[in-house]
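Okay, here we've got a single chain as structure tokens, the form predicted on its own, with questions on binding and movement later.
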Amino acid sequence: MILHVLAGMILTSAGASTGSASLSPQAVLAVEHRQELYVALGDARQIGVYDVASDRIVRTIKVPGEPTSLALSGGGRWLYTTCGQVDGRVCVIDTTTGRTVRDIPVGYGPVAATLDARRSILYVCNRFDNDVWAIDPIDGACLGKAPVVREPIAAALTPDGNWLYVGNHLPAGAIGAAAVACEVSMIDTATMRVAASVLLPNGSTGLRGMTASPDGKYVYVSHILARYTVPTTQLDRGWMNTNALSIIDVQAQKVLDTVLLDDVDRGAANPWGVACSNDGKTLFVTHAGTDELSVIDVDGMLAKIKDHPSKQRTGQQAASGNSSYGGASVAAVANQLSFLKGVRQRVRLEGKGPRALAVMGAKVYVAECFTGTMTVVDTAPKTIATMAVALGTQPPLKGPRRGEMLFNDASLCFQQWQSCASCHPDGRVDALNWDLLNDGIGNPKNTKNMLLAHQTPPAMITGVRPHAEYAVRSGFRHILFAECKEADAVAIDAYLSGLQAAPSPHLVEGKLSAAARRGKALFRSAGCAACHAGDLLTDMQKYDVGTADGVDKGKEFDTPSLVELWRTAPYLYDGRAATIREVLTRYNPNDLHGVTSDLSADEIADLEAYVLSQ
């Protein structure tokens, strides 16, 4: 693939036109000695340079792909930005000229660029390759690769550079595990090997943000803490989804505790970016669902954890607690909605969809994805002050883009506990089961991908909704516990029906591998293509395929599309299968969803390769 690098810097004012594209700020980097910020404007394919003194974008730098993260060399000469998707790259930009001087090829969906300036090593998370690369940013050489768990999306380097903590976006494995939760991978940077893995509390999903404390003692991780084991009969007191911050003790290599960012009767949905003040005494967390910033007194929070009654138990007593929550003390704090009272302020921001943030002195700069704005939060006064700044000309929010904003907006939910995106991040899955009551109680179902939901009726696993439009409106009533304006539902329909499938990482240069080509023939001969038919790989009919159990036994299930199946583990209606291989073997004893019992191990591998390539 030939990369056409767009060179040169274009000087603009804060109101300069960027065409019809939304700005979609996704990352912010503070450069304190210059009193500047770099802001990655995703859809505009630009880096905005923000002058702190004048509070405006003073120039923009074009980049050849959607910028997703930023890092700066120690001297400030070189700016590194991850760009692109399948053919990801790191663009090396000369900050004095604005020219892209080098493209460094990396993996699929590069994010979370993290620089060790002392050793001149740049770390990049390749989200859909499930690995992390160490790169020499001077010559572009790959110095090592570390496989991680699932969708690495955030990273934090300890101050000594010895450990890279990597946050995996979603849980991995089957639902039947003792704890279903995101993991944080600890990479020994000397060897580029995962030396340990820290499992977050049971129900942790949607991990988004991570930062290390300046003293290197702690790593802070933002995520959702889902209460997926109970029927979804209410939302009060965080019955379904709560929103959390986990604190990892670096020396002990385990979760010190997990605290809830919600209040007793008001959720703080979809925690995202995390950053520390320079002295480490204040922690900042953005809430993408409620358009807020949490300002947390770190010493006060740690003191409350230390003094919590559950911490006074002996080690032997604590060890006998609820292990699925990482120990009794973690479970006790993680269930207390008022825990941060007195040590946290919730600050209402000016725009919609806050995600990335940067700290400079007493000010916090929060980029807001959907409005193309930035809120400047001054934490110095006793009463925290906010100021809105436009990052450029933003087209009106309408159609699918407005629908995307509403899909992520928890203000539409009773008490703001969750948004649609809490269970369907990026319109996809949270890798959990939920008992939604639309087909009875006591029979939880795995979260479905929203991709192609509008094109493949009926909706829901048992097909109880005639189409996705009906399901969207029912979701407001029975999951968000709110009434939906028809105009809002129409906008969400437009967003979901416009979702595009991401190419499978199992493809080779965009084409089926040799194994997948063999698997394609087996897909037909084993009878899989009879139901998973056509371009959408579904006949949109219901069948009893022998997998139903409990109160669902004998029920027919809607034939799911196999498009983007690689992204939606675990599998089967109740998430019992961790892999497609298990679907084809262990959980297909009577050949009711494909005649696979007579296939060899190599043929099963080929069939799996084809299915995962869709």
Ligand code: HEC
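Numbering starts at 1 and runs along the sequence shown. Computed from a prediction, not measured in an experiment: that's the story for all the values here.
Not pictured, yet referred to below: the form predicted in complex with this ligand.
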Answer option from Lys445, Lys304, Arg344, Arg208, heavy atom within 4.5 Å of this ligand in the predicted complex
Lys445
The unique member of Asn243, Ser419, Ser246, Thr82 whose heavy atoms fall within 4.5 Å of this ligand in the predicted complex
Ser419
In contact with this ligand in the predicted complex (heavy atoms, 4.5 Å), from 49-57, 579-587, 22-30, 66-74, is stretch 579-587
Taking the shortest heavy atom distance, is Ser213 within 4.5 Å of this ligand in the predicted complex?
no
Partner proximity in the predicted complex: Trp239 to this ligand, non-hydrogen atom cutoff 4.5 Å
no
Would Tyr38 count as touching this ligand in the predicted complex under a 4.5 Å heavy atom rule?
no
With heavy atoms only and a cut-off of 4.5 Å, decide whether Thr100 touches this ligand in the predicted complex.
no
Check all three, Val166, Ala195 and Trp272, heavy atom within 4.5 Å of this ligand in the predicted complex:
no
Can you name the residues of 533-561 that have a heavy atom within 4.5 Å of this ligand in the predicted complex?
Tyr543, Val545, Thr547, Phe557, Asp558, Thr559, Pro560
